[in-house]
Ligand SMILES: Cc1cc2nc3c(=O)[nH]c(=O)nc-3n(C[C@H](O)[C@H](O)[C@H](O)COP(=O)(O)OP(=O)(O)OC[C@H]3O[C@@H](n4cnc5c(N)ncnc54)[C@H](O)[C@@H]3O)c2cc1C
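Take a look at this one chain, the form predicted alone, written out in structure tokens.
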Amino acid sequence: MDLASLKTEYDVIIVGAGVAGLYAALHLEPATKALIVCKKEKTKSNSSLAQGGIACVLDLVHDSYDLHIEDTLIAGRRENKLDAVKELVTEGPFDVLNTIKHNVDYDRDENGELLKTLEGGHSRKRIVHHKDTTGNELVTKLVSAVTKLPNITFCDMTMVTAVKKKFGGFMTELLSGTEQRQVFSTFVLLATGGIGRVYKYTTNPSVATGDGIRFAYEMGASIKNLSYIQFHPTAFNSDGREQFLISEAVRGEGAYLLNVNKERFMDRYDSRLELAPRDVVSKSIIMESRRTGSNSFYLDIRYKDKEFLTKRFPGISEGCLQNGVDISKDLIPVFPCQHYLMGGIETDLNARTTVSQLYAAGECANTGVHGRNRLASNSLLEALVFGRRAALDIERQRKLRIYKVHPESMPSESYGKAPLASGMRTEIREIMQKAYFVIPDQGAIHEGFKRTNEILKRLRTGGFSITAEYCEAISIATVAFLILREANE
């Protein structure tokens, strides 16, 4: 992206191009000038990797809002914000159906009715899906819709290095290659996704370094429950840093979870067996690994028809084949892995943070809907509902008050020249993997907190040049510091 072609001022800057940011952009009024900034390609985000689907109550005969609310509360250990859960569940069906107007293609039966599947923690079949690539379908179609809007400028392959509250608005610093640019806005919506790259192993893409959480923290916004991290129980067990996810929906369709002896074992830990919530299954696997002395675990869905598996799970089937596993014939090796963040930038029901004119939506936000553990397929729903609510509130605020930024008053920024020392990010990931995995290690948490604090101080005061690597390193260090500080209290 040629940063020189950008305007100096926008009404809204949206940082991140996942479902929350894209859907918010679609709900801004035509007169509102917005800039969407994303680090990599337009379709590379946590949202685009979501496999299972979107949970919503579309059948009030066989399902109900109360049941979905209760399932969400049970999964979240009743640490959820009830008013936020109610908004999520009751408004979600509107947003899911609304995405169809933007050409999102959900699977349907022979009568044209939306197909619904079951996932762990749900008491009814209520997850609508596009095969096993729902997130990619949603992001692709929303990107297509957003890029047609004349009031939205899309700036991809560009990193936001800082967001600062200045003179009634915000200054956002951009970096594309070696080109730097400052742009100004009245409002900022942070929709930067997850924090997976704080860990050695994660299902998240390379862009998930917690940048939005750092920006909000540096501006003094409240960060809440950052230690509420979900570890998905069934990531493909390989040596790669980015783990290939085996969707919850595979267990929802009947896959068995086996230990090293090829035996089902979930009955030792929970009566819901393979369909217990994710945190329960992850902890059960770790406990079973200690009991058996092995990290070898498998999913078995071989008893299902091959044609059904290929049609229902084309992405997973292909991904497993690339790793030498035919899911119709072979066991799928799995192990828990960092997957999702329930905590984040504290927001209200309109996605407002504690900093005036700063909003957050999607995984980087803490709306309170997930409590301590997210119910399967509530994440895309949350991104839709609160992305829309953020946009509508921004429009209300624009009409209530007149905001004015003064970019001509901005001082020029000066940066250091020192190259980033290698190994900092790797060390932080090793610390997090050891100290704060599925079952935390309190001793390692205490030591890890001290060390991440030292690394963070060095990054802040070392006079490093502003590069993409440096900015991601300081985001990772900030997030790790905040997680371990909270866990250490």
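Don't overthink the numbering: it's just position in the shown sequence, from 1. In this text, all values refer to a predicted model and were calculated from it rather than measured experimentally.
Below, we turn to the form predicted together with the ligand, even though it does not appear here.
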Quiz item: For this chain shown on its own, do 153, 388 and 395 all sit within 4.5 Å of the ligand in the predicted bound form, going by heavy atoms?
Solution: no
Self-check item: Among 359-367, 107-115, 305-313, 140-148, the region lying within 4.5 Å of the ligand in the predicted bound form by heavy atom distance
Solution: 359-367
Quiz item: Exactly one of 28, 37, 428, 435 has a non-hydrogen atom within 4.5 Å of the ligand in the predicted bound form; which residue is it?
Solution: 37
Exercise. Counting non-hydrogen atoms within 4.5 angstroms of the ligand in the predicted bound form, say which of 275, 223, 183, 207 makes the cut.
Key: 207
Quiz prompt | residue 211 within 4.5 Å of the ligand in the predicted bound form, heavy atoms | solution = yes
Quiz item: Counting only non-hydrogen atoms and a 4.5 angstroms cut-off, does residue 126 reach the ligand in the predicted bound form?
Solution: no
Practice problem: State yes or no: in the predicted bound form, is some non-hydrogen atom of residue 159 no more than 4.5 angstroms from a non-hydrogen atom of the ligand? | Solution: yes
Quiz prompt | residue 44 within 4.5 Å of the ligand in the predicted bound form, heavy atoms | solution = yes
Practice problem: Could you list the residues in 437-457 that come within 4.5 Å of the ligand in the predicted bound form, counting only heavy atoms and keeping sequence order? | Solution: none
